Structures are given as structure tokens and as C-alpha cells.
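Listed next as C-alpha cells is one chain, alone, in the form predicted alone.
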């Protein structure tokens, strides 16, 4: 009876402690979600509720169409206002996850009588899903190292600058929801791996389907998970749980992925997906071997394994041969250009300059790592070490995740976004393990200090110390308890004779075992280490808040600068788009570099020649060739495309560096890749890109140069370019085929109209013309009648 009462008294505090811990964890997670949402609102507080960047404007326009016309019209929408005269099938060329998510949120809010505009929902979608991503990071890390590590990883991800840069309020891009889908898919995979539940395996496939709908980065998932499965098989960690976690995921996930129109049969026909199918075959061969091993004798098993392995090798070679045959006809061997640029960082610069021209596709610099993840860069190695103590299926997965994401982030600065969650998970594990060791050391030695200071109550102190020691034994290493039971059972005959001796040595033996099995640091060292870790966390918080408030909250469409006379706001982009909307015809075509296509279509509602989708390299090269050509040749190219207006971005007056003059060499390279008469060396002086008096004649006579610097000398009398920090080379010139119709207040956007071609006069204009003049006019007329190809 007494024993049952004691066990009841022991169980009740444990249940109460767990209940309080769960409630406290939920409360902390709620605060983390609020933090993740609120830290991304600086852009709205400091500026206004507006869509940022370039791509989000296309997503906003598509969302408006979806809400207004419905899902069926969305799937069949042919947009004739982009890529004129080709157009674009929106439903089959866009990842619909972000649009469908925002549209669903809009309908939910309106059904609850919360009348929000479509723009407002789009602005706040990213902050909402950043909170979801933090909670998903908690769940994933909890599967690896427990609740403490999960909470730490969640709060780190809520503030990490790399993720903030793509999820501030107004950043309505695919990554806003895709990072949550990525982390949640990994969590469900680990959950299935730890439990062997087919229910979680099905949820994992559905989460993968949402990821496929949201972002092209889903190929990272479909390659990382097979790599982990192959790693487990190679290290002898195969189990039925591994089979349940992988096989349904490949079958159901591939079927669901093929339902997304932009993916379609690429889910089974492109090289990015072949690794998952190959590992799918391997895991079935391994499963068959383990099954045969359980039902056959050792001799028969050797014969059966030889047969199974032989057949498996034949099947694998046959599959590989089929795959090689399928991709042999493709010049890229079935890989997309972006995938090849990840595997070979020099591929894009050699063969696809349109990919290399994007700034976020450039390799990052070392300072960018410190800017985007800050102190996490120093905690990641410690987290990797902690994952090996001990190594499990879940910890090996996150190690593989961090290794692969580090490589890809070194190839493209954009993929720092994939690396950031892995860095937060590893740092959360490192900090949790470090605090566990330090607090245990303080608690273990604090009992000794208190016991020495209160010598009159030595028995109570020793009892509390024994309680601390026993809690550490049960929490950290249950194996020691088993060893103790085995030792006592072996020594049971002589236990009575040595009872008093063991009672006297009990405290010393337990304490020595704890010191041997647990890492216990000196008390002063532990206190200093805890203080330094808290200080390090404070620096991280300060940096993240600064990055969210200053570095990543400014919308690119509204620019600001600080000077001695106060704050200056540059709203030239919206000024130019408003002018186009109010002063041009609805069917007028506007030509510009592809960076501004989405904004022109969404904000000015005008037809563009190229935009940010960049699906047709020849069309973009045509615009680049026109900008690189002399004025007359450029006019002929634009006129053949039925262009009415040309828009250029110029930052020489106010010092805006991301203007078209700085992008001009990419126009030359892309245009020269399709039209060989455009050669980059013709625009360089001794290998240097110059716009001053030393610039080449080809550069000074190019259409881009003239459209950017027309009348620029009138601003200060010298034509000083504040971006290039030099005076322009050609100051006084006139335009013969274009006329300036609008220039914004700060000269950041300039719009030109193509002049109409001169009417041709047939016959002799004057009868008094002499014969030689008539013959010369006739010969010139014949020469002009021959059609000239504007592309050469």
C-alpha cells in the first residue's frame, strides 16, 4: 500500500510538470508567431501598404483575375498583354500555389465579414506564412532533438534576415508560402520516419503537392529525400519505417505533382526527378532482401540474395539505359538551364546569359552570409556536431539538409533562402545542447555550494543533491539505470553483508557515475558561458531588427534617401506608370527591358513586349538588339514589333545604380547570343565599360545611350553622371526617330514615342527637275524599294 502511494506521488508531479511545460510551449509558440508577423511590418509602418519588387506585381495581377473570374477562367486564361505578339497562357505557365492561397484567404476573410481588399491580403500573406514557417521549424527540430531545440530554432527563424528579405509585408512572391511548405514537408517526412505511420506519409505527399504548386524549388525536396534514403540504406539503417516514409511519398507525390499544369509530365520526364525513381527501385530490392532473410535459412538466404541482387542489378541497368536513351536527344541531357547552373556555376554565364544577368542568381560574397544569417554561421558547426551525439535517422537528415543547402547557397545568393531554415535548425540544436550542459553544470554544483554554506542543514542539502543527481540520471542516461540493475542482481547473494558499506558509498558512487557520464563544467565557467550566449543572442536580435527595419523593408518601387536637408522620396516609377495609363491608348505597346514588364502590365495596364517570365530568349534578345543598335536600326526593330512607346530607367541624375545603363552590357550579351552582329568588344574601350569621352563610337551611338542621356546636359550644364561618377562623352545630340514625351520628376524614368515613318512620294515631285537628278532620284528610289531586314 505504501509502495503504491509513493508511486502515485512520484507520477503526479511528472504529469503536472509535463502539462505546465506543454502550456508554456504553446504560449511561447504563440509569441514567436506574433514576433514573426510583427517584425515584417516595418515596410508598412515606415512607408505604406504597397506591393514590392517586380515579380509580385504579376502575382497580384493574377490574383485579381482569379478572384474576379474564378478558377476555371484562370486555368484557361490567355494573356494577350504580355509577350506581344506571342502572348502567354497563364494557367499553364505559373505556379498557382501563392495565388490560390491568397484568393482563399480573401474569401475566408470576406465570409467572416472582414472586408479586405485584394491588395491588402496580398501584402500580408508573407508575414502570415512566416509565422507558420516558424511553427513548422519547431515541429521539425522537435523530431530531431526535442522541445527545447524546437523552440530555439523557431525563434531564430522568425527573425533571420535572409527569410525576412523575402517575406516582408508587400513581398508577394512564391517564396512567401514555399518556405513554409518546404519545412513542413521535411517535418512530415521525419514524423513518418520516426513513427512509421501511413497517415503521416499521406500528409507528407499532400504537403509536397502544395510545395509543387508554390515554387519550382520543389526539386530540392524530390532530390534531398532520396539522398537521405540512400544514405540510410548504405549505412545499414534500413527499416520498415524508412520504407513507409519513402515509397508512398514517391508514388503519391509524383502523381499529385503531375496534376500541376506547369509541371505536368516533367514530373516523370526530366532528369531532376530521376534520382527519386532510382532510389525507389533500390529500396524495394533492399526490402525484398530483408523479407527473404526473415523466412529462409542462412544457406538459402545466400542463394536468394545472389539471385535478387542479380535481378536487381539487371533491372537497375535497364532503367538507367532507358533514362539515358530518353535524355540523350536533349542537348542539356534532360536538365533545365537553372538546374544545370546549380550543378555547374559557370554554365549560365557560358550558355544562358539571361539567367546570369539576374542579380539574385549571382554567387554570394562572404559578407552576405554574415548579413543574412549573422551569428548563426558560427553556431552551425556546433549543431552538426550535436547531431552526431548520437546519430539518428532524423539527425542525419538535417545534417544532409545543411550540407546540400550550404552548397546551393554558395552558387546562387537567392538560395540563401533555402539555407536559412537549415542554419536556424542547426543553431537551435547547438544552443539547446549548450544551455542543457551549462544549466546542468550550474544546477549540479549549486547544490554543493548551498550545502557548504548551510552546514547546519546538511542532511536536507544532501537529500536535495541526491534528488538532483537522480533526476539527471533518469533524464540524460537511462542506460545507467539498467546497468545498475544488472549489477545489483548479480551481487544479490552478498548484498546483505555489504549493506552498510553500500549505503555509506551510495552518494559518492552516484555522483562519480554522473560526473563520468555527463559533461559537467566548472561553476564560474558555466555562468560566464551562459552570459556570453545571452549576449550573443542579444546581438542577433539587434541585427535582425535593424535588417528588418532598414535593409529589407524599403519597397523598390518607392525609393528614399537621407541627406542634410531631410528625407527625399522618389516616386518616379508610379509617376511614369500613371502617365502611361492616362495618356496612351489601351492597345498601345510599350517596349522596355524585361525587368519592368510585370510592373508595366499591372500598374499601367499596357501591352509589353517582354517581361520577367523570361521564357523566350529570342524575344528578349530582340529587345536587347534594338537597344544596342544605332537609333535608326533600333527604330526599325521596334516598329516591326508595333511598338508605340519605349521606356528606359535612368539613374544618372539622382544616383540610382540599378538603371538601364548599368544593365546595358547584359542587353549586349543576350542580343549578341542570338544576333551575331552585336559584339560586346565593340562597346568596350580596352576591356572597360565607359560612357565618358573615352567610350567607343558604337557605345555613344547606341539607342540606349541616346535615350538615357538625351538633354541630360541641360540639368547641370556638364552632363555629370552620379552613378558612373564621370561626365558623359556625347552631350549635345538630337533624336531623329524618337521624341521625348515624358520624363519623371527626378529623371529616373524616361518615356519616348516612336515617330511615324515619312510618307513616300511616288513619281517626280517637281517637273523642273533635270535628268541627272531624276535619274539619281530614281536610282535611290529603287534602292529604297529593296526591303531591308531590320534584324541585321
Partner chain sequence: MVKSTTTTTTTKDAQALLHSLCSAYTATPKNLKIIDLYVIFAIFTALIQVVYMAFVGSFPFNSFLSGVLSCVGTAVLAVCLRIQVNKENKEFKDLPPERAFADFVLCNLVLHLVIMNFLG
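Numbering follows the first chain given and starts at 1. Just so it is clear, the model here is predicted, and its values are computed rather than measured.
Just so you know, the form predicted together with the partner chain exists too; it's not on screen, but the next bit is about it.
**Student:** Quick check for you: of 114 to 122, 82 to 90, 241 to 249, 574 to 582, which stretch puts a non-hydrogen atom within 4.5 Å of the partner chain in the predicted complex?
**Tutor:** Within 4.5 Å of the partner lies stretch 241 to 249.
**Student:** Could you confirm whether residue 395 comes within 4.5 Å of the partner chain in the predicted complex, counting heavy atoms only?
**Tutor:** Residue 395 lies outside the contact set for the partner chain.
**Student:** Mark residue 210 yes when one of its heavy atoms lies within 4.5 Å of a heavy atom of the partner chain in the predicted complex, and no otherwise.
**Tutor:** Residue-level check for residue 210: no, no contact with the partner chain.
**Student:** Within 4.5 Å, heavy atoms only: does residue 202 come near the partner chain in the predicted complex?
**Tutor:** Yes, residue 202 is a contact residue.
**Student:** Just checking whether residue 284 would be counted as a contact of the partner chain in the predicted complex - the rule being heavy atoms within 4.5 angstroms.
**Tutor:** Although the partner chain is absent here, residue 284 would touch it in the predicted complex, with heavy atoms inside 4.5 Å.
**Student:** Between the options 197, 165, 404, 174, which residue brings a heavy atom to within 4.5 Å of the partner chain in the predicted complex?
**Tutor:** For this set of options, the contacting one is 197.
**Student:** Out of 268, 559, 413, 105, which one falls within 4.5 Å of the partner chain in the predicted complex, going by heavy atoms?
**Tutor:** Comparing distances to the partner chain in the predicted complex, the residue within 4.5 Å is 268.
**Student:** Note that the partner chain is not shown here; using its position in the predicted complex, name the residues of 274 to 301 with a heavy atom within 4.5 Å of it, in sequence order.
**Tutor:** Counting only heavy atoms within 4.5 Å of the partner chain in the predicted complex, the contacting residues of 274 to 301 are 280, 284, 291, 292, 295, 296, 300.
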